[in-house]
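Next up: a single chain in structure tokens, the form predicted alone.
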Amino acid sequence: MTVDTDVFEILHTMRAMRKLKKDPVPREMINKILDAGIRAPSGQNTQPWAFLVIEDEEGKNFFGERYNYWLKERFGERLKKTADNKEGRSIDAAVHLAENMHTAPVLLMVMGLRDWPFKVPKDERVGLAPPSYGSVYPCVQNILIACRALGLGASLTTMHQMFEEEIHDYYEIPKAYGIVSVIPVGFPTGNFGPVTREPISKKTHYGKWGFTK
């Protein structure tokens, strides 16, 4: 198992990897990335996360079929406007992932215990509370970082929102938990490399909005 320990190299080259080999991922590696996930901070140290590791063909097919359907139903014609540029390549990769989701070695479902945000008055708390996203996304990010450190490809997906009730029923997930993200994990077919981002000078303000120095 090769581990990259330079955190800044990891962060600067942590591309979303949507094209994955079919080679199985050892359980040891899955446990290692989950152990990294649970080292994340959470509000009041509640640690509200839970995980479902899906490796069986039937379970992956169930999720993959619905993911592929809803991606194309939701975005339709937009997915066909591909070109040889960054946006076009991203769309192609997203479609490839949808059509091959069922072949990913592992689908890692990250869930969070439902908990009403404190700003929602008690008399307005109707139906199911959302999961505590603010306490679970740091865990998700730790998992993605750990995948990159181990040379595993991964990408954060949220299309599950379109068929979450079916997911709960099929995988017998307690309604007390909401699904935060589903992360396909496997060895990438491509290479990690620099990610392109707008400079911090375009995103940062000091003291008050509009002050850039």
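All residue numbers refer to positions in the sequence shown, first residue = 1. Predicted model, so just to flag it, every value in this text is computed and none were measured.
What comes next is about the form predicted in complex with a small molecule, which does not appear here.
For the residues Leu156, Ile54, Ala149, Leu34, the 4.5 Å heavy atom test against the small molecule in the model of the complex is passed only by Leu156.
For the small molecule in the model of the complex, the listed stretch (158-166, 54-62, 38-46, 171-179) containing residues with heavy atoms inside 4.5 Å is 158-166.
When contacts are judged by a 4.5 Å heavy atom cut-off, His205 does not count as touching the small molecule in the model of the complex. Though the partner is left out of this view, Arg15 does reach within 4.5 Å of the small molecule in the model of the complex, counting heavy atoms only.
Mapping the unseen interface onto this chain, Leu79 falls outside it, with no heavy atom inside 4.5 Å of the small molecule in the model of the complex. For Ala94, a non-hydrogen atom is located within 4.5 Å of the small molecule in the model of the complex, even though that partner is not displayed. Taken together, Tyr67, Tyr137 and Arg197 are fully in contact with the small molecule in the model of the complex: each brings a heavy atom within 4.5 Å.
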